[in-house]
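Below you'll find only one chain, the form predicted on its own, shown as structure tokens.
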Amino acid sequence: MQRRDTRISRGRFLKAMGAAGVAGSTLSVLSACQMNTSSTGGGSSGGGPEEKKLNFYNWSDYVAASTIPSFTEKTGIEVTQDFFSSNEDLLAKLQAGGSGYDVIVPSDYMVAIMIKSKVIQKLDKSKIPNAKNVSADYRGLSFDPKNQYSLPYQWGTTGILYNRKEIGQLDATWDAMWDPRFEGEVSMLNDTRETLGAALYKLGYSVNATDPEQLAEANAELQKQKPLLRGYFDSTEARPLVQNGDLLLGHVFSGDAFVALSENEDLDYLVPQPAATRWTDTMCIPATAPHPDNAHKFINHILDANVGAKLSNYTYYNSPNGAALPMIDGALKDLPGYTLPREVFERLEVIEDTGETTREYERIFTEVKSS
């Protein structure tokens, strides 16, 4: 998930908090500072204790207001947070060397690429006792089968947010995104793997297809669809357009859908058949992290049950933290598509690194968008 920029409207969060003074003090802690990105500055190179600092590189607006302050209160470690806009930007930063970051939040398929690129280090599980809280469904996934390099942060699905009041209840398929009745009122994600994935799913293929004929069919499906689209948008761009009625259907990530559903009862969200994507954002430590011990402490903090619950209650994404689940807000759990039946969960696919075929995915998507 190479794209999620803003998770929830700040205004609605402040309203829910009910105290602008409290929010103001916590938001100041979360404000981004431009870091010195040289590789120097760690306290552990001489064998002594690390300085009380941690540099966190994350998607924007992807921690609860209490997440970082509670860590600093508990450990005395000051956190500087910077933001990236895509997995590819994150990878480029690490490959350039000397990023200065201690904890990063790459998505599933990117972890596999980072392992091959040797830009992240193995985790010391003895320093992360809360790893025991990770539910079985989020352990041992294909991108890191033994969880040697990553532990999960949040997870979600990719599906369709739509205006049920205007167009009625949709069948749980991808067909509506290709329906001529909705010409000009549909958006797809500006995301190579997710949008080609939707076409592949519609055709009955895997999101990780490498067969040239299957990819050619997906290309043809997207070429057929393009005249119906308002455009290719980020999930955070599509959400308000569907929410205010400017679009009837948007291809979105689940957290954005759940925010919209919580604010507009005319909307619905579906996870289409025959398959759709489930993604997992993870926590990793760069190979050049200046504060690796502090990084392990931070990952352990995120996997605390209470911290994990507050995180998902803020982002509106799902928690991979089994111990946190009883504390997830009941109203959030009740939103359509948040709590998935087992049969739905098991038909979801995880996007994987397709190796050299990745270039063909990129070529096709560029061709479709420029046609």
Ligand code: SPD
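Here, rigid core means the biggest group of C-alpha atoms that superpose within 1.5 Å across both forms. Residues carry their position along the shown sequence, with the first being 1. Since we're looking at a predicted model, the values are computed, not measured.
Missing here is the form predicted together with the ligand; even so, the following discussion is about that form.
Enquirer: Please state whether every one of the three residues 253, 281 and 317 places a non-hydrogen atom within 4.5 angstroms of the ligand in the predicted bound form.
Expert: Every listed residue reaches the ligand in the predicted bound form, so yes.
Enquirer: Tell me, which of 294, 99, 150, 87 has a heavy atom within 4.5 angstroms of the ligand in the predicted bound form?
Expert: Selected option: 87.
Enquirer: Could you spot which one of 225, 80, 190, 236 gets a heavy atom to within 4.5 Å of the ligand in the predicted bound form?
Expert: The residue from 225, 80, 190, 236 that makes the contact is 236.
Enquirer: Would residue 59 count as a contact of the ligand in the predicted bound form, using a 4.5 angstroms cut-off between non-hydrogen atoms?
Expert: It does: once the ligand is placed as it appears in the predicted bound form, residue 59 has a heavy atom within 4.5 Å of it.
Enquirer: Should residue 300 be classed as touching the ligand in the predicted bound form when contacts are defined as heavy atoms within 4.5 Å?
Expert: Residue 300: no, not in contact with the ligand in the predicted bound form.
Enquirer: Although the partner isn't part of this model, could you tell me whether residue 107 comes within 4.5 Å of the ligand in the predicted bound form, counting any heavy atom of the residue?
Expert: Output for residue 107 is yes: heavy atoms within 4.5 Å of the ligand.
Enquirer: Pick from 304-312, 339-347, 323-331, 60-68: which stretch has non-hydrogen atoms within 4.5 Å of the ligand in the predicted bound form?
Expert: Heavy-atom contact with the partner occurs in 60-68.
Enquirer: With both forms fitted on the core, check whether the Cα of residue 192 differs by 2 Å or more between this form and the one not shown.
Expert: No.
Enquirer: So with the core overlaid, does the Cα of residue 90 end up 2 Å or more away between this form and the one not shown?
Expert: Where the cores coincide, residue 90 still shows a C-alpha shift between this form and the one not shown that is 2 Å or more.
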